[in-house]
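Coming up is one lone chain in C-alpha cells, specifically the form predicted alone.
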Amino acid sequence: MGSIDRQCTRVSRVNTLMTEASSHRSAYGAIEAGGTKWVCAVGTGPDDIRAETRFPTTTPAETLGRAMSFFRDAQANEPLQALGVGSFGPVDLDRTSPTYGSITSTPKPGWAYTEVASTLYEALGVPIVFDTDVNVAALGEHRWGAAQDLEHVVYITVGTGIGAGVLIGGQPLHGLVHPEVGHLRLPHDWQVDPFPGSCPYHGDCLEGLASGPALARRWAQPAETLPPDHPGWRLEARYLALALVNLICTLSPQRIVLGGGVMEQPQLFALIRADVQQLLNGYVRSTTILEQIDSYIVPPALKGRAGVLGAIALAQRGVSG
C-alpha cells in the first residue's frame, strides 16, 4: 500500500471514529414543569434535541407518570447522564431537607407538597438536578441566549404568575428559600388604579397587579385581547418598571430578560425602558442604563425554549459539579 493510500485509510478511520463518538454523545433529560404544561426533552442543547414531548399539567400522579414513561422510552435507546428539572413553585431547594425537590405551598390545586425529584429518581435511577422554573430559564438564556458571557442576570417571566430567576456569578441564587420577585410590594396609587389585586396571599403585590390574570380581572377581558393603545398597557409598564428599579438597586444585574406571555406585547418594552430611566432619575450612573437601555432590558433570545433548554444546562452542570 502506498503512502497516499495509507493516509486516506487513516483519514477514513478517524472520520469513522468521530462519527461513532458523535452518535454516542452523552444525553441529558430535561423537564420544564409548568403549572399549565410540562415539556420533556432529551438532548444536549438547542441544536441537539433528540426527543421531546409536551402535555397539560393535570394531577401529580398523571403528570409525573407521563414524564416517567417518556424518559423510560428514551433510556431504552440511550442512557441519560442526568435529568434537570425546572419546576413551578414554591419549591424546596435545601439539599439537607427531607423534602428537597418537592413543590411546597403552591396554590395550584392538588400539587401542594408533591415530591417531584425523589419520585423521578426512584423511577429512572439517574441523578436529578432540581431548581425553580425561572432559575432554569435564566440558565438557558445564560448558556445559549440573551445573557451569554454575563455573570449577573435577572430573568423575569410575566404570565399566569410572575417569577424571576437570578444568577449571581453565573450561579442560580438560593437562600432561605429562593427569590420570590413576583411578590414584591409596590407603590399602589389607589386613585389611578382602584383594582385591589388578585394575589390570594398579598392582594396588590407585583403578581397581584401585573400578572396575566390580574390584567384580565381588572379589565374584564383576557389580556391578549386588549388593543396595543389600551391604557392598561401603560399601567402594566409602570408596575413592571417599579419592580425592575427595585432589582437594579438591590442586585445590580448586568442584564434583565423579560419573558412570558404578557411580554409578547411588543409595545411594553419601550414603555418599561422609559419608565425605568425616569424612576432611577440618573442615580445609577452607568452608560448601560443611561445610553444603552435597549440592550439592557431585553426579550429572551430563546423565546419559549428557555425553560426546557435551561433544564438541559442544569443537568449538565449537575454532572460536571
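None of the values given here were measured: they were computed from a predicted structure. Position 1 is the first residue in the sequence shown; the rest follow in order.
As for the form predicted in complex with ligand ADP, it is not shown, yet the points below apply to it.
Which pick from A243, L167, A223, V129 sits with a heavy atom within 4.5 Å of ligand ADP in the predicted complex? Answer to the contact question: A223.
Answer option from G182, P90, G212, G197, heavy atom within 4.5 Å of ligand ADP in the predicted complex: Exactly one residue meets the criterion: G212.
Run the contact test on T36, W233 and G260 with a 4.5 Å heavy atom cut-off to ligand ADP in the predicted complex and return yes or no. Contact check passed for all of T36, W233 and G260.
Out of 77-85, 157-165, 143-151, 243-251, where are the residues with a heavy atom within 4.5 Å of ligand ADP in the predicted complex? Stretch 157-165 is the one.
Check Q265 for me: does it contact ligand ADP in the predicted complex (non-hydrogen atoms, 4.5 angstroms)? Yes - in the predicted complex, heavy atoms of Q265 and ligand ADP come within 4.5 Å of each other.
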